[in-house]
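Let's start with one chain on its own, the form predicted on its own, as structure tokens.
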């Protein structure tokens, strides 16, 4: 497998940091891989820029920063604008199509997946679990970390009392990701 770099981007309040924690914990604690996670966010409690980066490897991680993400998942237009240039040529781009519009720069991705995480979360009754919908879809799309490891990480990482809702969001996203793989990429106009 080697080194695999993931960058998640969005706005404060979308749970981007928690999504990174879930992915990193799943890889390191529940799947026995090496993982490192970094984060940055603006000073605003909600609405400011938010970024989470996770590096996963079956080897030692010698540098803990994401240089060229193999996977870029964005849930805001601002995150797309800021990070699309960093995506590794041939990498995977995942967007929330209700919040992000791509342009010609997205053509460097080998695959573009549109996951309406916010809309799916709203259909589950809580917009706040869009991050877990996204994590579920990413789990299905990449097959990087086993589903069971991710589910264990979700249960261990979310606030007490919200485990069932977050697992439902994760599993709904996972099923959506499997459907995308079966049907192929959703066409996203650049």
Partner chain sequence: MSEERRDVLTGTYFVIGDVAAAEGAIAAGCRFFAGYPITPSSELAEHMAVRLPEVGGVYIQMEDELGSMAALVGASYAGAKPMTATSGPGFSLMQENIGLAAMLEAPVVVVNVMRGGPSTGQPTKPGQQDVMQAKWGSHGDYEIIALAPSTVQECFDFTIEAFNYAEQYRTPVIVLMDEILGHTREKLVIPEPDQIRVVNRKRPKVPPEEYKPFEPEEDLVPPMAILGEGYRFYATGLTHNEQGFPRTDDPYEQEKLVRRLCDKIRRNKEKIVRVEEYMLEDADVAVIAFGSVARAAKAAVKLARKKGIRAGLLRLKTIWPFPEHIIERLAESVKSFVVAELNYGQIVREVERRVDYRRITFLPKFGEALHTPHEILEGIVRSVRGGKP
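Numbering follows the first chain given and starts at 1. Nothing here was measured: the structure is a model prediction, and the numbers come from that model.
From this point on, the text means the form predicted in complex with the partner chain, which you will not see here.
* **residue 24 within 4.5 Å of the partner chain in the predicted complex, heavy atoms** => Because a heavy atom of residue 24 falls inside 4.5 Å of the partner chain in the predicted complex, the answer is yes.
* Does residue 143 reach the partner chain in the predicted complex, with heavy atoms at most 4.5 Å apart? -> Residue 143: no contact with the partner chain in the predicted complex.
* Asked: For residue 32, is any heavy atom within 4.5 Å of the partner chain in the predicted complex, or not?
  -> Contact check for residue 32: yes, within 4.5 Å of the partner chain in the predicted complex.
* Should residue 67 be classed as touching the partner chain in the predicted complex when contacts are defined as heavy atoms within 4.5 Å? -> Heavy-atom contact with the partner chain at 4.5 Å: present for residue 67.
* Asked: Counting only heavy atoms and a 4.5 Å cut-off, does the partner chain in the predicted complex sit next to every one of 28, 36 and 62?
  -> Spot residues vs the partner chain: full contact, yes.
* If we check the partner chain in the predicted complex, which of the residues in 1 to 15 reach within 4.5 angstroms of it by a non-hydrogen atom? -> Contacts from 1 to 15: none.
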